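The chain that follows stands alone, in the form predicted alone, written as structure tokens.
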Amino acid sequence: MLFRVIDKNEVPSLVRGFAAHYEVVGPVERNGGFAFDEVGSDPSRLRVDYDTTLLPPKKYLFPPKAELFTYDTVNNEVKDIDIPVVPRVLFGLHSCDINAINRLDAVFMASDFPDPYYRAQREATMIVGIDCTPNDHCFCNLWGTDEVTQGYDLFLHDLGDRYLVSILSVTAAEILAVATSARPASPKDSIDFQEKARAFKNSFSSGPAVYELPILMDAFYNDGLWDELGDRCLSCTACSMVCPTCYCFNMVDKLDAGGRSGARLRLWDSCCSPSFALVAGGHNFRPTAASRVRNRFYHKFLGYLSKYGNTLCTGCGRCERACKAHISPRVVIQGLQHKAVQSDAAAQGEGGRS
């Protein structure tokens, strides 16, 4: 890993340096909030001081809708679709979103059967990360995703009037060198970075402990907590749509009016949808909202963890903001811990009476 320092006023030059070779996408202001959008070679649209975007950047790697191939039923022909791959820079991603992409990489690229569509987009994408300031919905510190050590090309650490730039790729280093007056980090830069890192860690509000979460998930699988949450859940799937790590999808055929030709589409889907686990014959493996809510959080906290060594939640807080029923990872964790306290108290009470 290589470190350099640039002045803050050099960020526009860096953006233009990337824009000479790549499509640059970054956070822009929209309707009182922030969204990822193409900024082109106009750095004035970029808002690196944003808190959180409504939608995550995964849509540039894993589109909500993709046409994979077309077919002709009359001539029995299938034609692959060349999905456009645009060399792109995702500029200004926070640590939680970069960690989310790393988790998607594990699913779509590091498996026995890599997804060619995702891989093509990912290999054509560079990532420039940037420091953030936690808001009331952030809980990335619970999962350790408030920091990131891989998956990016450059990362800009805010030191007040300058950025300490962590460099992980040769291509990004070359663009940084040409576009800015990057200089080696000084001892003062190192000291300021350490102080800034400590202040960042201290800026988070306290949250529930998660180290015992796997055993709690196992112990309270059949607990009434899931019924309580299921009664509140609207099955609207908003949580999945805004989540940076949800990767469920459905395959749908779109036929012409005569049924002679059509196309195969891949669409985002959600395990919270009432029809997600519906199979031929009309059987639904998860017919209740409670069973779907439980499945979602078991996959986030336990299923993915057992296979890949990380939880599938990065604590970005988007689902917490989007859910109208106020169901979120923090609510679930606190609910499980409350159940554990109640169970322990009941066990001690029974022991005292025996």
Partner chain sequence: MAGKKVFGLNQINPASHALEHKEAAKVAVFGLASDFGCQVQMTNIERELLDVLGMFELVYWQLVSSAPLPEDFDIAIIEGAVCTQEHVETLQWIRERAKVVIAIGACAVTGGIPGLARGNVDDFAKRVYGDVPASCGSMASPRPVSDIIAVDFTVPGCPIEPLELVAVLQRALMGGNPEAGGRSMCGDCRLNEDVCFFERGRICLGLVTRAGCGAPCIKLGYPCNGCRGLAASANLDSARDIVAGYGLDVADFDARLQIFNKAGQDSSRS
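Predicted model, so just to flag it, every value in this text is computed and none were measured. Positions refer to the first chain, counted from 1.
The form predicted together with its partner chain exists for this protein as well; it is not shown, and the discussion that follows is about that form.
Proximity to its partner chain in the predicted bound form holds for all of 54, 238 and 259, with the criterion being a heavy atom within 4.5 Å. Interface residue among 132, 271, 242, 165 relative to its partner chain in the predicted bound form, by the heavy atom within 4.5 Å criterion: 242. This chain lacks the partner; the member of 310, 70, 288, 41 within 4.5 angstroms of its partner chain in the predicted bound form by a non-hydrogen atom is 288.
Contact with its partner chain, judged by heavy atoms within 4.5 Å in the predicted bound form, is confined among 196 to 204, 168 to 176, 271 to 279, 111 to 119 to 271 to 279. Shown alone here, residue 64 lies within 4.5 Å of its partner chain in the predicted bound form, counting heavy atoms only. The closest heavy atom approach of residue 142 to its partner chain in the predicted bound form falls outside 4.5 Å. Taking the partner from the other structure, its partner chain in the predicted bound form has no heavy atom within 4.5 Å of any heavy atom of residue 47.
Interface residue remark: residue 230 is counted as part of the site for its partner chain in the predicted bound form, having a heavy atom within 4.5 Å. Along 303 to 331, these residues reach a heavy atom to within 4.5 Å of its partner chain in the predicted bound form: 321, 322, 324, 325.
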